[in-house]
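Presented below, as structure tokens, is a lone chain in the form predicted on its own.
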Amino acid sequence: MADVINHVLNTMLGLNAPEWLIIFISNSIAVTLIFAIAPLQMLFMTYFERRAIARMQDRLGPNRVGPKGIFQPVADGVKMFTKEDIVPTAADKMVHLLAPCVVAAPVMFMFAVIPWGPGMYAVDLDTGLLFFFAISSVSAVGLMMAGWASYNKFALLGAMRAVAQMVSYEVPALISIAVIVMLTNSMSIVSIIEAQSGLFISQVDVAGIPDLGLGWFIFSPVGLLGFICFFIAALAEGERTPFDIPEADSEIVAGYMTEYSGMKFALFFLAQYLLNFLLCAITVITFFGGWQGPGISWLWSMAVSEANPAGNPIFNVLAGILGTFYFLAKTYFFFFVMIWIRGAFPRLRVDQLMGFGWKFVIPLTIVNIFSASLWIGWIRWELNPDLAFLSALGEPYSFARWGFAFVATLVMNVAAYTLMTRINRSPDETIDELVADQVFGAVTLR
């Protein structure tokens, strides 16, 4: 953004604008776009989810306000603005007021490090990935504030469930992301996206691979297992089905939101939907190349950048449009998967939720860390007489080493998944299988 502003003001218009003014203008544009796009994202996602779930359940969904019900989210927004704000008499009124703000504010900050396209980001922090997950954990404080301040047992129970769930599933989420940090040797989100150039094989692992923007980490066994574990954790972080236990209406009314109404209630929903969008976005960034895709590298090579200050700003626009299209298409696909899972699976019990996270997902992510270490060693380890089998595979960063690492880590991760499935088989399931075997065996004998 700053490169384009500098080119327009100083090169095209010859205004000799100082650097501080260029940075101020570019940051102002970025912040304005973030605060304009975020609420619109929430409006679209609520409409999309209601229509998609309706189609899955053979219903129509919103269809009265505007063509195909397209203005239903606007009507819902007007309703939230005009509804009465009801606060329980015994509630801690100040904490009750601050809780939705504490939940929503960190989500808005998370947009700052999201790259929408090549060169299209508010800020590129060296620790951008750490910032993203560190700031997201602040929301747990707001959820606990909401449950405690409401002076309602259902609200407090929902808040305790939400905090326990977020803490439990942040562990496998961060371990899964640590695999990507190991592969790229960086916590910069922009660098992670740039490392996924190539063609089904990242150029970070094998030199000379054609750059079609398809060197996504999902195409490696390490990245595949990391993605599966991370997306499961993302469903729990975003309180999506089957992990929507903190607001289970059949058990605790609406959880920590029970005693909220009007715009306070709307702020919780705004934060929840934007968090789900951001979790889908970070999934795309870390495992599916972000804005990477065919044609991006060619357009960006002719655009204005630090490497090519004499480029044409038209190509910045074209690369930005194409990159944003790739990024949003992937992100909305994963949000559709979240909706799909909601329409297909029932809610888990609390004990099932905690047991699945600590006994199944976390061990798999730990095994994946070990696999990633071996992947890096097998592909990038320099030639050494003591490691004859690696020397026999050729030079570091070669296709032969990549193939050996692919097969070895695939076998290791599949074996770990099979072992954990057998270990975590529930006693009820084993009894059911024994009964079924006896019944079907008796039928077969007859």
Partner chain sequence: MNIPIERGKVVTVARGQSTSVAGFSLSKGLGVVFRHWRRAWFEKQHQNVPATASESAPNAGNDKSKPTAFVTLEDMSKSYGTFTVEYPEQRIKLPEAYRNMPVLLYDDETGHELCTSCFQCQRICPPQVIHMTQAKDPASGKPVPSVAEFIIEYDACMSCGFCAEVCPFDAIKMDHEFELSTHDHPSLTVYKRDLNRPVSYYESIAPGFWAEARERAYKKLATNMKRRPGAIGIAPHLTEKITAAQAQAAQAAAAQAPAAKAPAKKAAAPRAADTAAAPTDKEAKLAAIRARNAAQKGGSAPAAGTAADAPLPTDKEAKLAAIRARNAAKKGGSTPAAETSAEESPPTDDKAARLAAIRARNAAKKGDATPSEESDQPAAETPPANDKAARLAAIRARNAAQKATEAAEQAADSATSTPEAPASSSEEGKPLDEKAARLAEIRARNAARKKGDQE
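Remember, predicted model here, so these are calculated numbers, not experimental data. Positions refer to the first chain, counted from 1.
Keep in mind that the form predicted together with its partner chain is missing from the display, and what follows is about it.
Engineer: Name the residue from F370, F71, F269, F336 that puts a heavy atom within 4.5 Å of its partner chain in the predicted bound form.
Structural biologist: Here the answer is residue option F336.
Engineer: State the residue from P313, P294, P363, G343 whose non-hydrogen atoms include one within 4.5 Å of its partner chain in the predicted bound form.
Structural biologist: None of the others qualify; the residue that does is G343.
Engineer: Among the candidate stretches 38-46, 61-69, 23-31, 401-409, which one is within 4.5 Å of its partner chain in the predicted bound form when only heavy atoms are counted?
Structural biologist: Of the stretches listed, the one contacting the partner is 61-69.
Engineer: Spell out, yes or no, whether the shortest heavy atom distance between L419 and its partner chain in the predicted bound form is within 4.5 Å.
Structural biologist: Taking the distances in the predicted bound form, the answer for L419 is no, it never comes within 4.5 Å of its partner chain.
Engineer: Quick check on R55: any heavy atom within 4.5 Å of its partner chain in the predicted bound form?
Structural biologist: The answer is yes: R55 has a heavy atom within 4.5 Å of its partner chain.
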